[in-house]
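Just the one chain here, the form predicted alone, laid out as structure tokens.
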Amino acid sequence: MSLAKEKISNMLAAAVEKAQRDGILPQVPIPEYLIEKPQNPLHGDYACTLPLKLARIAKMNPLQIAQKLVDMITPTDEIESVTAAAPGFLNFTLRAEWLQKRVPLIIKGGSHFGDTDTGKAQKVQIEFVSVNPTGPMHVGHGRGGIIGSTLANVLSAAGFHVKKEYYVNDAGNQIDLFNKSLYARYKQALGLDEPMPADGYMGEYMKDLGKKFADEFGDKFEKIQLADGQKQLGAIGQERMITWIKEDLAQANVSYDNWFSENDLYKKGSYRKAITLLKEQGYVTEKEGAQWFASTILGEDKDNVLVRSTGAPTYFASDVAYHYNKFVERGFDRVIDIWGADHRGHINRKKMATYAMGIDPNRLQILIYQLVTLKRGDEVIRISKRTGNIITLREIIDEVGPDAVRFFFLQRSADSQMEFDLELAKKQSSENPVFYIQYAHARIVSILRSAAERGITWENGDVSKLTDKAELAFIRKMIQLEEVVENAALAMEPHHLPHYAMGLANSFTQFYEHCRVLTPDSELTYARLKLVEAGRIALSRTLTLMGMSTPEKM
């Protein structure tokens, strides 16, 4: 909680307690309430609806409650005034002097401005993207990667101890099919007759990879046993696919602390331990020659297969073992999985399996993101011009750049479908929010550079001279970053960052247009330069949290 909100919360709690103690308000339970930004800034910096919530319980008029609480609150160094407003709001306005003093604190915070201790160093693992190493990254995967990496940034800033992980599905049927498909394309590239599997990977990338391996290895893998040739060539192919995935993600400024192999679940015993635990807890049944997770015991309408009649584990079984490894073997306090919308139906059974292993299912949080529709102006883009197949993340980054991709993919909440207009993303004008925000940062740097060239610095600027409404509004916007970080982390909603960034850039623009920075008044110039330096830090920090660059020239 920000310093101002914490102060208001404490003031309000003390006022309610005193009002009840003095008999002004009845001794009734106090409902939960929020301290929020009012929709109209003319109403103050913060507002609270506690009187409205308390009215029914206390059987009093909400505006009357608000007025009585106002009488109980004494203004402080932070709060200039508290007023009651119909139908039962409490509005709080910050002191200009307190706002002015935030400027040197923002500068002192530097690259950690906006950080909070909300997370109390809880160990959080966040797993996202985790595309099978059987094909290229498409645009939808990219949205998951950008949401995941930004959420990880936000959680770290909010005081959580975060580990980012990519789960490499390098076991199971899809890998066998990949191996067979690649081997067929490899032999075809050698000029030999080899049919593709009926349900194989048919993309152009497999033809390219097969030809590459034919050129690189000749007939090396064709001369050995079929199964060995498929497996050995497939292993090399998987390594190449993982390398491509890493390169694609790196282009989008997405990185990981750990790449976890599904095969390790079997090699290191996690799978065996997890299934044994479920059996011991009575959640595994056998029927039709297979082993089933008894989901119906926990309220689902059907059980789920863990081990097929062939003895092969299902993807669900691997996932159960993976989460056993996360919670039990590695001891994460919370686990966040980010999935595409097509996995929504798996949430309930995953939660149930977590519960069945004796783990509080609330410690597992699953964030679903929706699809991306690509447009070029009014035209919807359905296929890739380059391959006639899926549109890859790399194609989009090559066209509009990583910053635009990250910003637009973050701009909508994860559970909202989004349209990405490639033409808008390339515009070098204020119509393009990416350009507008980064141009604000570049302009700030330009102002500071121009001042430095004239030998003018901000170090001794007297912030008490920052009294203009536009100056104070700029400071007000800056100090909201701490609240944005906290709220985004707790709600797992990184889309608040781009909206805040737009507001911050707009606030700077209004200040810049209204207040000349380098003025004949040297004292005012020093103060405004100090404000501009604080603005640079706030805007840079916001862009960095979104995984975007901070250009100094545009």
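Model, not experiment: these values are computed from the prediction. Residue numbers here begin at 1 and follow the sequence given.
There is another form of this protein, the form predicted in complex with the RNA, and it is not shown here; the text below is about that form.
Original post:
Would residue 513 count as touching the RNA in the predicted complex under a 4.5 Å heavy atom rule?
Top reply: Within the cut-off, so yes.
Original post:
Could you tell me if residue 439 has a non-hydrogen atom within 4.5 Å of the RNA in the predicted complex?
Top reply: Contact check for residue 439: yes, within 4.5 Å of the RNA in the predicted complex.
Subject >> Contact label in the predicted complex: residue 93 to the RNA, heavy atom within 4.5 Å >> reply: The answer is no: residue 93 has no heavy atom within 4.5 Å of the RNA.
Subject >> Partner proximity in the predicted complex: residue 521 to the RNA, non-hydrogen atom cutoff 4.5 Å >> reply: Answer no; every heavy atom of residue 521 is more than 4.5 Å from the RNA in the predicted complex.
**OP:** Run the contact test on 123, 188 and 327 with a 4.5 Å heavy atom cut-off to the RNA in the predicted complex and return yes or no.
**Re:** No.
**OP:** Report the stretch among 189-197, 300-308, 272-280, 115-123 that approaches the RNA in the predicted complex to within 4.5 Å, counting heavy atoms only.
**Re:** Only one stretch qualifies here: 300-308.
Original post:
What is the one choice in 211, 344, 220, 268 with a heavy atom within 4.5 Å of the RNA in the predicted complex?
Top reply: Looking at 211, 344, 220, 268 one by one, just 344 meets the 4.5 Å heavy-atom criterion.
Original post:
Only one of 153, 411, 392, 232 has a non-hydrogen atom within 4.5 angstroms of the RNA in the predicted complex; which is it?
Top reply: The option sitting close enough to the partner is 411.
Original post:
Relative to the RNA in the predicted complex, which residues of 214-243 have a heavy atom no more than 4.5 Å away?
Top reply: Result: empty, none.
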